[in-house]
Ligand code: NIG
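One chain is shown next in C-alpha coordinates, namely the form predicted alone.
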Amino acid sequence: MKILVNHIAQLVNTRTRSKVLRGNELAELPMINNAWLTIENGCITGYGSMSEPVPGGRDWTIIDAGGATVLPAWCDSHTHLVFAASREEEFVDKINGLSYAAIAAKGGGILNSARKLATMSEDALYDAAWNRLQSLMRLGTGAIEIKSGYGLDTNNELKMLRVIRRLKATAPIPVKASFLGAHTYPLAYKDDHEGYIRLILNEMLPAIAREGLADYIDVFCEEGFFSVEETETICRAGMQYGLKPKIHANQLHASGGAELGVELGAVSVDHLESMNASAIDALSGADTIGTLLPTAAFFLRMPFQPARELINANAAIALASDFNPGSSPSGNMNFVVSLSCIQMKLLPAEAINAATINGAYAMELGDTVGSITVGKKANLIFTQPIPSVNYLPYAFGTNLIHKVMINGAFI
(Lines give C-alpha, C1' and ligand atoms only; values in the text may rest on other atoms or scores of the structure.)
Protein backbone atom coordinates (compact mmCIF):
# COMPACT_ATOMS: atom_id res chain seq x y z
CA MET A 1 0.00 0.00 0.00
CA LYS A 2 1.27 3.45 -0.94
CA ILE A 3 0.63 6.24 1.55
CA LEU A 4 0.91 10.00 1.13
CA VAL A 5 0.99 12.13 4.28
CA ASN A 6 0.41 15.76 3.34
CA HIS A 7 -0.02 19.14 5.04
CA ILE A 8 2.74 18.49 7.58
CA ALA A 9 3.56 21.77 9.35
CA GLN A 10 7.18 20.74 10.00
CA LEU A 11 8.85 17.52 8.89
CA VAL A 12 11.74 17.22 11.34
CA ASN A 13 15.14 15.52 11.03
CA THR A 14 15.14 15.01 7.26
CA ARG A 15 18.45 13.48 6.20
CA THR A 16 19.65 12.01 2.91
CA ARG A 17 22.11 9.81 4.81
CA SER A 18 22.68 8.77 8.41
CA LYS A 19 25.65 9.08 10.69
CA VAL A 20 26.38 9.60 14.37
CA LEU A 21 26.27 13.31 15.23
CA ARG A 22 28.83 15.00 17.47
CA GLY A 23 29.97 18.52 18.35
CA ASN A 24 28.31 21.28 16.38
CA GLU A 25 26.54 18.73 14.16
CA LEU A 26 24.25 17.85 17.05
CA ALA A 27 22.62 21.30 16.87
CA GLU A 28 21.77 20.87 13.17
CA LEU A 29 18.19 19.64 12.83
CA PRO A 30 17.13 19.81 9.17
CA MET A 31 13.42 20.17 8.54
CA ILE A 32 10.91 21.07 5.84
CA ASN A 33 7.99 23.39 6.46
CA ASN A 34 4.63 22.59 4.85
CA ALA A 35 5.80 19.16 3.80
CA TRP A 36 4.63 15.81 2.42
CA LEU A 37 5.94 12.31 3.10
CA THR A 38 5.39 9.04 1.23
CA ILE A 39 5.43 5.54 2.73
CA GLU A 40 5.29 2.06 1.22
CA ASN A 41 5.58 -1.32 2.92
CA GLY A 42 6.13 0.39 6.24
CA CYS A 43 9.14 2.42 5.07
CA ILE A 44 9.74 6.01 4.02
CA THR A 45 9.99 6.36 0.24
CA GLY A 46 10.15 10.13 -0.22
CA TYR A 47 9.46 13.57 1.18
CA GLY A 48 9.38 17.19 0.05
CA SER A 49 7.64 20.55 0.15
CA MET A 50 3.93 21.03 -0.64
CA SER A 51 5.02 23.92 -2.88
CA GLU A 52 6.59 21.37 -5.24
CA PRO A 53 4.85 18.58 -7.19
CA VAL A 54 3.29 16.13 -4.74
CA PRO A 55 3.22 12.42 -5.67
CA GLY A 56 0.05 10.36 -5.51
CA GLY A 57 -2.42 8.31 -7.46
CA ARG A 58 -5.90 6.85 -7.39
CA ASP A 59 -4.72 3.79 -5.50
CA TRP A 60 -2.86 5.80 -2.83
CA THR A 61 -4.04 6.25 0.76
CA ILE A 62 -4.01 9.95 1.64
CA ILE A 63 -3.44 11.06 5.23
CA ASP A 64 -3.94 14.73 6.02
CA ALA A 65 -1.55 15.61 8.85
CA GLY A 66 -3.69 18.63 9.63
CA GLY A 67 -0.75 20.86 10.47
CA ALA A 68 0.96 18.39 12.77
CA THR A 69 4.71 18.43 13.23
CA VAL A 70 6.11 15.01 12.26
CA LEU A 71 9.41 13.68 13.59
CA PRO A 72 11.07 10.28 13.90
CA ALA A 73 9.98 8.21 16.90
CA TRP A 74 12.21 8.21 19.95
CA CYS A 75 15.01 5.62 20.11
CA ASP A 76 15.39 4.61 23.76
CA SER A 77 18.74 2.82 24.03
CA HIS A 78 18.83 2.05 27.77
CA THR A 79 15.93 0.49 29.69
CA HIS A 80 15.17 -2.18 32.28
CA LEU A 81 11.64 -2.69 30.98
CA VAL A 82 11.31 -6.31 32.19
CA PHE A 83 10.65 -6.31 35.94
CA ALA A 84 8.16 -7.90 38.29
CA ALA A 85 6.88 -5.01 40.41
CA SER A 86 7.22 -1.33 41.21
CA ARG A 87 9.14 -0.08 44.26
CA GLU A 88 7.20 2.96 45.41
CA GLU A 89 7.74 1.97 49.06
CA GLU A 90 11.44 2.76 48.54
CA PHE A 91 10.43 6.11 47.04
CA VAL A 92 8.74 6.96 50.34
CA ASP A 93 11.80 5.72 52.25
CA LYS A 94 13.99 8.09 50.23
CA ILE A 95 11.68 11.01 50.98
CA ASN A 96 11.95 10.09 54.66
CA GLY A 97 15.73 10.38 54.40
CA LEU A 98 16.90 6.78 54.09
CA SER A 99 20.08 6.33 52.10
CA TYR A 100 20.57 3.80 49.32
CA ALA A 101 22.66 1.68 51.72
CA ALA A 102 19.93 1.80 54.39
CA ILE A 103 17.26 0.81 51.87
CA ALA A 104 19.43 -2.04 50.63
CA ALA A 105 20.06 -3.19 54.22
CA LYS A 106 16.32 -3.63 54.75
CA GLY A 107 16.02 -5.73 51.58
CA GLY A 108 15.48 -2.97 49.03
CA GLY A 109 17.23 -1.99 45.82
CA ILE A 110 18.16 -4.34 42.99
CA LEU A 111 17.87 -7.35 45.31
CA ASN A 112 14.26 -6.38 46.02
CA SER A 113 13.49 -6.55 42.30
CA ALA A 114 15.39 -9.83 42.00
CA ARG A 115 13.42 -11.40 44.83
CA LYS A 116 10.09 -10.41 43.28
CA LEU A 117 11.11 -11.50 39.79
CA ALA A 118 12.12 -14.96 41.01
CA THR A 119 8.52 -15.66 42.07
CA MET A 120 6.96 -14.53 38.77
CA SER A 121 6.38 -16.85 35.82
CA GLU A 122 7.82 -16.13 32.41
CA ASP A 123 4.33 -15.65 30.96
CA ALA A 124 3.31 -13.17 33.67
CA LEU A 125 6.60 -11.31 33.26
CA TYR A 126 6.05 -11.13 29.51
CA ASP A 127 2.49 -9.83 29.88
CA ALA A 128 3.62 -7.06 32.23
CA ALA A 129 6.50 -6.06 29.95
CA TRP A 130 4.27 -6.14 26.88
CA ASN A 131 1.80 -3.75 28.51
CA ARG A 132 4.61 -1.38 29.46
CA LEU A 133 5.99 -1.49 25.93
CA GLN A 134 2.59 -0.60 24.48
CA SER A 135 2.41 2.42 26.76
CA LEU A 136 5.88 3.57 25.72
CA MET A 137 5.02 3.22 22.04
CA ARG A 138 1.98 5.45 22.57
CA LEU A 139 4.39 8.00 24.11
CA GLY A 140 6.43 7.95 20.91
CA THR A 141 9.11 5.28 21.44
CA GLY A 142 9.86 3.54 18.14
CA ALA A 143 12.93 1.44 19.07
CA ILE A 144 14.12 0.16 22.43
CA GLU A 145 16.92 -1.69 24.23
CA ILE A 146 16.01 -3.88 27.23
CA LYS A 147 18.38 -5.33 29.86
CA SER A 148 18.26 -8.35 32.11
CA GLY A 149 19.85 -7.97 35.55
CA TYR A 150 17.03 -8.65 38.02
CA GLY A 151 17.59 -12.40 37.81
CA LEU A 152 21.04 -12.71 39.37
CA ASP A 153 21.08 -16.48 38.90
CA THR A 154 21.20 -18.54 35.74
CA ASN A 155 17.54 -19.58 35.61
CA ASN A 156 16.12 -16.13 36.26
CA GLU A 157 18.56 -14.28 33.99
CA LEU A 158 17.60 -16.71 31.21
CA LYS A 159 13.93 -16.16 32.06
CA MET A 160 14.33 -12.40 31.61
CA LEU A 161 16.21 -12.78 28.34
CA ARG A 162 13.58 -15.20 27.00
CA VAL A 163 10.93 -12.59 27.77
CA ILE A 164 12.95 -10.02 25.82
CA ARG A 165 13.25 -12.50 22.95
CA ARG A 166 9.45 -12.87 22.93
CA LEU A 167 9.11 -9.09 22.86
CA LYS A 168 11.49 -9.01 19.90
CA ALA A 169 9.29 -11.50 18.07
CA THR A 170 5.96 -9.83 18.84
CA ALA A 171 6.67 -6.09 19.07
CA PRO A 172 6.29 -4.01 15.89
CA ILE A 173 9.35 -1.92 16.82
CA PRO A 174 13.03 -2.96 16.93
CA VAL A 175 14.03 -4.45 20.29
CA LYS A 176 17.62 -5.06 21.41
CA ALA A 177 18.64 -7.30 24.35
CA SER A 178 21.47 -6.76 26.84
CA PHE A 179 22.68 -9.36 29.34
CA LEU A 180 23.28 -7.56 32.66
CA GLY A 181 23.92 -10.46 35.01
CA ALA A 182 26.66 -8.27 36.50
CA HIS A 183 24.13 -5.80 37.92
CA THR A 184 24.98 -6.50 41.57
CA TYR A 185 26.03 -9.44 43.72
CA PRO A 186 23.21 -11.75 44.91
CA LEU A 187 23.04 -12.49 48.62
CA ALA A 188 24.43 -15.99 48.13
CA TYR A 189 27.63 -14.44 46.75
CA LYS A 190 27.81 -11.39 49.00
CA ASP A 191 31.20 -12.51 50.31
CA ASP A 192 32.27 -14.48 47.24
CA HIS A 193 32.50 -12.04 44.35
CA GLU A 194 34.87 -14.26 42.40
CA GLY A 195 32.41 -17.11 42.69
CA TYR A 196 29.60 -15.05 41.16
CA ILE A 197 31.81 -13.87 38.32
CA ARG A 198 32.73 -17.50 37.64
CA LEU A 199 29.00 -18.29 37.50
CA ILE A 200 28.51 -15.55 34.89
CA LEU A 201 31.47 -16.70 32.81
CA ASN A 202 31.09 -20.48 33.08
CA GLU A 203 27.34 -20.99 33.30
CA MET A 204 25.28 -17.94 32.30
CA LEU A 205 27.19 -16.85 29.20
CA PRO A 206 27.39 -20.33 27.59
CA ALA A 207 23.64 -20.84 28.18
CA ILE A 208 22.81 -17.42 26.71
CA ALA A 209 25.00 -18.11 23.69
CA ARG A 210 23.38 -21.51 23.07
CA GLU A 211 19.95 -19.88 22.83
CA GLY A 212 21.11 -16.68 21.12
CA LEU A 213 19.38 -14.58 23.77
CA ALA A 214 21.43 -11.36 23.84
CA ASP A 215 22.94 -8.73 21.57
CA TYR A 216 25.09 -7.03 24.21
CA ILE A 217 26.97 -7.68 27.45
CA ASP A 218 26.57 -5.02 30.14
CA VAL A 219 28.21 -4.53 33.56
CA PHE A 220 27.54 -2.08 36.40
CA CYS A 221 31.08 -0.74 36.73
CA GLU A 222 30.97 1.13 40.03
CA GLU A 223 32.53 1.27 43.49
CA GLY A 224 30.86 -1.39 45.63
CA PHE A 225 29.68 -3.28 42.55
CA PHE A 226 32.06 -4.42 39.78
CA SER A 227 35.56 -2.98 39.51
CA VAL A 228 37.17 -1.92 36.25
CA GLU A 229 39.19 -5.15 36.24
CA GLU A 230 36.11 -7.30 36.89
CA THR A 231 34.15 -5.38 34.27
CA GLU A 232 36.86 -6.00 31.69
CA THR A 233 36.96 -9.69 32.51
CA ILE A 234 33.18 -10.04 32.11
CA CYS A 235 33.00 -7.92 28.96
CA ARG A 236 35.84 -9.78 27.26
CA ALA A 237 34.18 -13.08 28.12
CA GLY A 238 30.95 -11.86 26.55
CA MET A 239 32.82 -10.66 23.50
CA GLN A 240 34.10 -14.20 23.00
CA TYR A 241 30.46 -15.17 22.45
CA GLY A 242 29.81 -12.32 20.02
CA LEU A 243 28.22 -9.95 22.54
CA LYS A 244 29.29 -6.33 22.20
CA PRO A 245 29.87 -4.31 25.41
CA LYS A 246 27.54 -1.63 26.74
CA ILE A 247 28.73 -0.49 30.18
CA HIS A 248 26.96 1.21 33.12
CA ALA A 249 29.74 3.71 33.79
CA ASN A 250 30.48 6.65 36.08
CA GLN A 251 27.07 6.89 37.73
CA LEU A 252 28.15 7.39 41.35
CA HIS A 253 31.91 7.87 40.95
CA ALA A 254 34.47 8.51 38.22
CA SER A 255 35.13 4.78 38.21
CA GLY A 256 37.16 4.36 35.02
CA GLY A 257 34.25 2.65 33.32
CA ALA A 258 34.04 5.23 30.54
CA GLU A 259 37.72 4.84 29.66
CA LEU A 260 37.40 1.05 29.72
CA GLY A 261 34.38 1.20 27.43
CA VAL A 262 36.31 3.16 24.83
CA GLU A 263 39.25 0.79 25.14
CA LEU A 264 36.97 -2.20 24.53
CA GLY A 265 35.16 -0.54 21.64
CA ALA A 266 31.87 -0.55 23.53
CA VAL A 267 28.79 0.51 21.61
CA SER A 268 27.97 2.88 24.47
CA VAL A 269 28.86 3.83 28.01
CA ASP A 270 25.77 4.87 29.94
CA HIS A 271 24.93 7.17 32.89
CA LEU A 272 28.05 9.44 33.10
CA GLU A 273 26.84 11.59 35.99
CA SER A 274 30.33 11.53 37.54
CA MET A 275 32.86 12.57 34.92
CA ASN A 276 36.43 13.83 35.15
CA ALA A 277 38.84 15.11 32.52
CA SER A 278 40.14 11.61 31.78
CA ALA A 279 36.67 10.22 31.10
CA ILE A 280 35.69 13.16 28.89
CA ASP A 281 38.97 12.96 26.98
CA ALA A 282 38.40 9.24 26.37
CA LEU A 283 35.02 9.91 24.73
CA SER A 284 36.34 12.81 22.66
CA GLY A 285 36.06 11.70 19.05
CA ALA A 286 35.51 8.06 20.08
CA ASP A 287 33.15 5.70 18.29
CA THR A 288 31.70 4.77 21.69
CA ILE A 289 28.55 6.79 22.39
CA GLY A 290 28.01 8.40 25.78
CA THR A 291 24.39 7.72 26.71
CA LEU A 292 22.99 10.20 29.22
CA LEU A 293 20.13 9.23 31.54
CA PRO A 294 18.88 12.50 33.06
CA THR A 295 15.69 11.08 34.60
CA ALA A 296 17.79 8.80 36.84
CA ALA A 297 19.76 11.80 38.07
CA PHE A 298 16.48 13.69 38.53
CA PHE A 299 14.82 10.90 40.52
CA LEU A 300 17.88 10.28 42.72
CA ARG A 301 18.56 14.02 43.21
CA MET A 302 22.04 13.64 41.76
CA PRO A 303 24.02 16.14 39.69
CA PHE A 304 23.08 15.95 36.04
CA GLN A 305 25.47 14.73 33.37
CA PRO A 306 27.93 17.31 31.94
CA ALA A 307 26.32 17.31 28.52
CA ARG A 308 27.80 20.60 27.32
CA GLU A 309 31.34 19.57 28.22
CA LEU A 310 30.88 16.30 26.33
CA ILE A 311 29.50 18.06 23.26
CA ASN A 312 32.31 20.63 23.35
CA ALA A 313 34.80 17.75 23.57
CA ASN A 314 33.41 16.29 20.34
CA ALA A 315 31.92 13.25 22.08
CA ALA A 316 28.87 11.56 20.58
CA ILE A 317 25.99 11.58 23.06
CA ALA A 318 22.57 9.92 23.13
CA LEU A 319 19.63 10.27 25.49
CA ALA A 320 17.71 7.37 27.03
CA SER A 321 15.16 6.84 29.80
CA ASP A 322 16.79 4.19 32.04
CA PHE A 323 13.21 3.03 32.71
CA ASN A 324 13.41 0.85 35.83
CA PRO A 325 11.46 0.44 39.09
CA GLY A 326 14.17 1.77 41.38
CA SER A 327 15.85 4.88 40.01
CA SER A 328 13.88 5.96 36.93
CA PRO A 329 10.29 4.67 37.03
CA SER A 330 9.30 6.33 33.77
CA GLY A 331 10.03 5.55 30.14
CA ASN A 332 8.58 8.83 28.86
CA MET A 333 11.18 10.05 26.37
CA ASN A 334 9.32 13.33 25.94
CA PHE A 335 10.22 14.21 29.53
CA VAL A 336 13.79 12.98 28.98
CA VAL A 337 14.13 15.47 26.10
CA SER A 338 12.62 18.32 28.13
CA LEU A 339 14.73 17.59 31.20
CA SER A 340 17.86 17.54 29.05
CA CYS A 341 17.14 21.05 27.84
CA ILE A 342 16.05 22.41 31.22
CA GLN A 343 18.75 20.88 33.42
CA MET A 344 21.64 20.02 31.08
CA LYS A 345 21.25 23.05 28.80
CA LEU A 346 20.94 21.10 25.58
CA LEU A 347 19.39 23.03 22.73
CA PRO A 348 16.07 21.52 21.60
CA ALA A 349 17.71 20.44 18.33
CA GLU A 350 20.54 18.75 20.22
CA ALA A 351 18.16 16.91 22.52
CA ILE A 352 15.95 15.70 19.66
CA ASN A 353 18.96 14.45 17.70
CA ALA A 354 20.37 12.72 20.78
CA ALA A 355 17.02 11.00 21.41
CA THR A 356 16.47 9.92 17.80
CA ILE A 357 19.39 9.39 15.42
CA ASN A 358 22.15 9.06 18.05
CA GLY A 359 19.90 6.86 20.17
CA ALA A 360 19.44 4.64 17.13
CA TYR A 361 23.20 4.32 16.70
CA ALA A 362 23.55 3.47 20.40
CA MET A 363 21.55 0.32 19.49
CA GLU A 364 23.25 -0.19 16.10
CA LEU A 365 19.98 0.73 14.40
CA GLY A 366 21.17 3.87 12.64
CA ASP A 367 20.36 2.49 9.20
CA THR A 368 16.82 1.52 10.24
CA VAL A 369 15.31 4.25 12.44
CA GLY A 370 16.08 7.64 13.97
CA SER A 371 15.60 10.08 11.09
CA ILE A 372 13.37 10.94 8.15
CA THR A 373 15.44 9.13 5.55
CA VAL A 374 14.36 7.16 2.49
CA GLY A 375 14.45 3.45 3.29
CA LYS A 376 14.06 3.79 7.05
CA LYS A 377 11.03 2.54 8.96
CA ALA A 378 8.08 4.89 9.07
CA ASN A 379 8.14 5.03 12.89
CA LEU A 380 6.88 8.55 13.41
CA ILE A 381 5.45 10.95 15.96
CA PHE A 382 2.58 13.24 14.88
CA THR A 383 2.24 16.14 17.33
CA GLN A 384 -0.65 18.33 18.23
CA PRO A 385 -0.40 21.67 16.37
CA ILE A 386 2.58 23.49 17.88
CA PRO A 387 4.20 26.84 17.05
CA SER A 388 7.67 25.36 16.52
CA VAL A 389 9.69 22.24 17.26
CA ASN A 390 11.27 24.12 20.19
CA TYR A 391 7.84 24.01 21.86
CA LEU A 392 8.17 20.25 22.43
CA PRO A 393 10.76 20.44 25.28
CA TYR A 394 9.48 23.87 26.38
CA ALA A 395 5.95 22.68 27.25
CA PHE A 396 7.28 19.85 29.41
CA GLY A 397 4.06 19.13 31.30
CA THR A 398 1.80 18.79 28.29
CA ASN A 399 1.22 15.67 26.20
CA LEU A 400 1.81 17.03 22.70
CA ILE A 401 1.65 13.69 20.90
CA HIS A 402 -1.46 13.35 18.76
CA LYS A 403 -0.69 10.05 17.04
CA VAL A 404 2.16 7.57 16.71
CA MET A 405 2.83 5.66 13.50
CA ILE A 406 4.77 2.41 13.55
CA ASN A 407 5.77 0.75 10.27
CA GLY A 408 3.44 3.09 8.38
CA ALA A 409 0.34 2.38 10.49
CA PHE A 410 -1.13 4.36 13.36
CA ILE A 411 -1.23 2.55 16.70
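Source: prediction; values computed, not measured. Note that residue numbering begins at 1 and tracks the sequence as displayed.
One more form of this protein, predicted in complex with this ligand, exists but is not displayed; see below.
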Review point. Which of these stretches, 166 to 174, 189 to 197, 326 to 334, 116 to 124, has heavy atoms within 4.5 Å of this ligand in the model of the complex?
Key: 326 to 334
Practice item. Check each of 298, 241, 100, 130 and return the one that places a heavy atom within 4.5 angstroms of this ligand in the model of the complex. Key: 100
Review point. Within 4.5 Å of this ligand in the model of the complex, heavy atoms considered, which of 251, 156, 338, 288?
Key: 251
Check your understanding: Hey, in the model of the complex, is residue 76 touching this ligand, heavy atoms inside 4.5 Å?
Key -> no
Practice item. Would you check, heavy atoms only and a 4.5 Å threshold, whether residue 150 touches this ligand in the model of the complex? Key: yes
Review point. Counting only non-hydrogen atoms and a 4.5 angstroms cut-off, does residue 220 reach this ligand in the model of the complex?
Key: yes
**Study point:** residue 213, heavy atom within 4.5 angstroms of this ligand in the model of the complex
**Key:** no
Review point. Taking 15, 31 and 376 as the candidate spot, are all three within 4.5 angstroms of this ligand in the model of the complex by heavy atoms?
Key: no
Point to revise | Residues within stretch 261 to 277 having a non-hydrogen atom within 4.5 Å of this ligand in the model of the complex | key: 271
